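Shown here is one chain on its own, the form predicted on its own, set out as structure tokens.
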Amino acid sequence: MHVSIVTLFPELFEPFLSATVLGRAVQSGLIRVDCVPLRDYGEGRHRVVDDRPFGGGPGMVLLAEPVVQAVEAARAAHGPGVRTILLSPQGRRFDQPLARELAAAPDGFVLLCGRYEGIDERAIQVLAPEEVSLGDYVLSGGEAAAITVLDATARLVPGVLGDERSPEEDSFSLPDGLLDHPHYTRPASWRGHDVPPELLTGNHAAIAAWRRAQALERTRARRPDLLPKDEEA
């Protein structure tokens, strides 16, 4: 998987790309992540990338030309089918199905991180990116959202996780898109709380049935909107 990130703050990604699952995936070559500094495409001696908005109002707006040049440079490192994602509160809600799509994208994808009041609309018109949102709230910039998208997609790439079954058993990836079931480890009894006896039987069919029932119960209580039609009652 090849990902390019267009950002004013490439240094924000360094810790995430050198540690934990992401770091191991980068070091092993399973994923490639390029940070494209927007400032490199700024205008004039001071590499200016923003200006005040026409019509007045607070804050600054990212200039169209540096944004377009940076994204075009990022796209050039990918194949012709590269997808361009603008992290925006106005976009499609990011979810597990979209994470699976991006993880399997043969030519990878570009993540464009906005800042300040936003990006000059003309750059968005020229680039025609897919707009993706983490939720109904506003961040100071797209970097935190980009890290989330990167982490969610990278763990779906074969070989990134230690056990290939792990992403298949996550919330939203279970059969019917249910929430995950509870998990337990040693000791079997802790502070008066015991592990459910079904998990100690060694009976794989009974364990699977218990986990399915727990996933349904949790989903019904916490996210009933995710329940399959035949389980809604």
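Residues carry their position along the shown sequence, with the first being 1. Note that the coordinates shown come from a computational prediction; the quantities given were computed from them, not determined experimentally.
Keep in mind that the form predicted together with a small molecule is not shown, yet the notes after this line are about it.
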Q. Looking at the partner-bound form in the predicted bound form, is G118 within 4.5 Å of the small molecule by any heavy atom?
A. no
Q. Is there any non-hydrogen atom of L87 lying within 4.5 Å of the small molecule in the predicted bound form?
A. yes
Q. Would V132 show up as a contact with the small molecule in the predicted bound form if we use heavy atoms at 4.5 Å?
A. yes
(Q) So in the predicted bound form, is the small molecule close enough to V138 to count as touching (4.5 Å, heavy atoms)? (A) yes
**Q.** Heavy atom contact within 4.5 Å of the small molecule in the predicted bound form, the stretch among 70 to 78, 118 to 126, 100 to 108, 139 to 147
**A.** 139 to 147
